[in-house]
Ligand SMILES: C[S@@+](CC[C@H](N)C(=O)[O-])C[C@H]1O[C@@H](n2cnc3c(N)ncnc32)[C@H](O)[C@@H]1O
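Below, in structure tokens: the form predicted on its own, a single chain.
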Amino acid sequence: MCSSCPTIDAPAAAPFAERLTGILNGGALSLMISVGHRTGLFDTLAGRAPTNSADLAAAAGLNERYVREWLGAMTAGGIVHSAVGSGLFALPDEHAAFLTRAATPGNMAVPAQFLPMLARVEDPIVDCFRDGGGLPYEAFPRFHEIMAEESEQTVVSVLLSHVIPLVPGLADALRAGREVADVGCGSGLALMQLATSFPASRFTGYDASQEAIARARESAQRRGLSNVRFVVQDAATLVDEQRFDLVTAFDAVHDQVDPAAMLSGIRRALKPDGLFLMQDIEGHSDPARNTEHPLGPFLYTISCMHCMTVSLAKGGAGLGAMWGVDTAEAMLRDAGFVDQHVHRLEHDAMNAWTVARVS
């Protein structure tokens, strides 16, 4: 018996130990959910009569032994159902509604991919805890691929139905023809959706990543879009003056090296009656106010192991994903946006949507 250890209330401690067990199982299942998404197993299993591992593997074009073990994890985790002794497996429709590509924008298997990606940088992140500094974007394999899929789900799929209508009259203005920029555009999916839907308007996407811009240019060319262009440029160094009617930033401000300079640049780039539409992470600047956030631990983890560290890698502000709507409001005000309105979409617990004007 440890003589110096504090006496604990064992019955009170038991629920926390049980919770830790759940965390371990949840982390493991998150990894397997990512695998199920990337291999197409959820899509293959959805709507299918109870099937064995060999038939499922054949239908998905995969190795049976790995599929069998994956089914074991899914069954033990209560995601896939299997009757004892049957050797048959089924994905309930109620589960498929959150795990298949057809479930967009509610496919939770898409964000599950962030966890194995982040796990690959655990060792250098631990070094950063000791030594400071950060990891550059290049340290994160598949980041732009995953972000493009996440953007497709959380932004592109609802852009016309939910986001543009946040601003009365915006759709009509874009149909008539406006100058639009997307800052931190990534692979450009949102901007290309707008360019396709509003051919009379002109669109410019800015991003510091040459890889992301190359993907965007290739996609725009493949789609035959002549009203959109993509430029490799740091968001904090915009030189445009009163050029744009609308500037958007989708999940792009908090991980910038100099987010204050980015917001000021956006302010200068807008016409006097221009509009800034910003999607960023829903949350508070005070961690104690995020204890009831349904995705709080997940978002802080992504922040620590990606959003914050890529900024710090370049000596940046390191705001992190959980900078909070209150900090965002203050920074927007400092940049010159005096009229701000924050919106939440019913289906989206992860993001806040801010509409800001100069006057």
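Just count from 1 along the sequence shown to find any residue number. Not measured: the values here are computed from a predicted model.
We do not show the form predicted in complex with this ligand, though everything after this point is about it.
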Quick check on this chain: which one of F89, F230, F250, F276 has a heavy atom within 4.5 Å of this ligand in the model of the complex? F250
Contact with this ligand in the model of the complex, heavy atom within 4.5 Å, among C128, L115, V158, A208 goes to A208
In the model of the complex, segment of 141-149, 96-104, 74-82, 219-227 with a heavy atom within 4.5 Å of this ligand: 141-149
Look up in the model of the complex whether E282 has a non-hydrogen atom within 4.5 angstroms of this ligand, and give yes or no. no
Exercise: D240 in contact with this ligand in the model of the complex, heavy atom 4.5 Å: no
Is there a non-hydrogen atom of G186 within 4.5 angstroms of a non-hydrogen atom of this ligand in the model of the complex? yes
Do M192 and this ligand come within 4.5 Å of each other in the model of the complex, heavy atoms counted? no
Three-residue site Y137, A235 and D255 fully in contact with this ligand in the model of the complex at 4.5 Å by heavy atom: yes
